[in-house]
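Taking the form predicted alone, here's one chain by itself in structure tokens.
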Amino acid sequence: MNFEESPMFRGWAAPFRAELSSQDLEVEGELPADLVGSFYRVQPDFLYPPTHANDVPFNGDGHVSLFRFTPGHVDFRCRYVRTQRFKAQQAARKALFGTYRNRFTDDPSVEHLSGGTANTNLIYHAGRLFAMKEDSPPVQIDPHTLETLDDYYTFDGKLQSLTFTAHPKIDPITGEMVGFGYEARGNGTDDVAFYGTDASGKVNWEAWIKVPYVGMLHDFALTTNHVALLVIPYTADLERMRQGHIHFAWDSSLPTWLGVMRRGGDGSDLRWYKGPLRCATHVMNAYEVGSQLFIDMDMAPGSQFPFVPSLHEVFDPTEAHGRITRLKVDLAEPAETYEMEVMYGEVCVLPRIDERYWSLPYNVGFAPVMDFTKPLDGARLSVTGLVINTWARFDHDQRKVTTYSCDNVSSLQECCFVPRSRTAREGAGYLIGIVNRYLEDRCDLLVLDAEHLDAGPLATVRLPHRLRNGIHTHWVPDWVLPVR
């Protein structure tokens, strides 16, 4: 197929396929003097057209952007991640890997290579920047140049899992990074492996567990003493893969399961709590008070991805509406299910927090919101299908929501919180992220005061070109990684 054969790869969704560097991007407004550091984002960006018509955007090659903030200036650089997959296809000058996470559809020449795309998230830990995709180990890239340094990083050989999450989390007190791999022994296996790596990057903990069924485990919850997983029914079926389908299908006949176990243990204390059918891909934050665990995440009644096939019904966009929901379990009680509370009415995706509060009691969260009272212009909507036009701040103690909305011929990508300083109070800082300018076929990067979103941007950093819709973003301040 070519890119024009699918609406998922046309118009604004067409691949970017460029590597660029720009010094001193144009800035409207005034950049905050204390906004100094590196803003990273990653987008799936197909180097070559997919080989199968049923492929999905999640299968694009990892393409990382870097916005370098110094006082009064922003420089830009973007590069593809040189994964094993990317290098093989670049050498062959064609696509060799088949449809999304289905090795049965790959060209035989790449059977022994990693199919990881490193296209989902980035994290900086122990002096290393990683680009990640949950179906493979991380890829280490240079935080200054974006050069690929290690296309299959296994933490000095200690990572025995064949996979590693795109959402590891760093304990703000100890500096330990905790992550896991699902389908850890290969496609379709019910094995999950948890890992902890200390502040120096050395593996200090490993535990293997089993899940109730083989489903998507995109994110997880971290507290001071526990980890928790939500198994959602995007199920993996090897027989369907052999027939050429993508890795997952939505099976609404299955419940969700919340698994909780002690952090740093061997997994023998793992408890499973059964819940109703839900889709939930991203955790806002989690924390514990005594024996009680609280997990905040966006949850929807049904499948949230229209391009993932449903086994029993037609995709329903209203069932895909996710809202910030708090799950609660008391480990001192014999309950076999978890409590659920929908905290806000706003429909949102991709929740974020002040990451200095990962695993700790917290009060402030952020997320892109779908404001249906301010829809995109019809001509633009027919091209993009997007309705994310608002960023929201959630103050949990007051259940207060403050928002910023763009105009109706633009849309917003994921937002990222940046603290003013390492000691600033929670939520005091900036909210930054990309806005798509459809009429101009390009993007801007917006900088807002995170405590006054309704005041609009403090600064707009203008890009002379567009960027595809990215998945996740990551900020590294100069007190962690000095700007070079």
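Computed from a predicted structure; not experimentally measured. One rule holds for the numbers: they count along the sequence shown, beginning at 1.
In what follows, reference is made to the form predicted in complex with a further copy of the same chain, a form of this protein that is not presented.
The chain is drawn here without a further copy of the same chain; in the predicted bound form, the stretch among 446 to 454, 24 to 32, 414 to 422, 54 to 62 whose residues come within 4.5 Å of it by any heavy atom is 24 to 32. Interface residue among T224, Q90, Q292, T174, judged by heavy atoms within 4.5 Å of a further copy of the same chain in the predicted bound form: Q90. Remark: E426 does not count among the residues lining a further copy of the same chain in the predicted bound form, judged by a heavy atom distance of 4.5 Å or less. L20 belongs to the set of residues with a heavy atom inside 4.5 Å of a further copy of the same chain in the predicted bound form. Taking the partner from elsewhere, V36 is found to have every heavy atom lying beyond 4.5 Å of a further copy of the same chain in the predicted bound form. Shown alone here, R240 lies farther than 4.5 Å from a further copy of the same chain in the predicted bound form, counting heavy atoms only. For the stretch 428 to 443, the set of residues having any non-hydrogen atom within 4.5 angstroms of a further copy of the same chain in the predicted bound form comprises L439, E440, D441, in sequence order.
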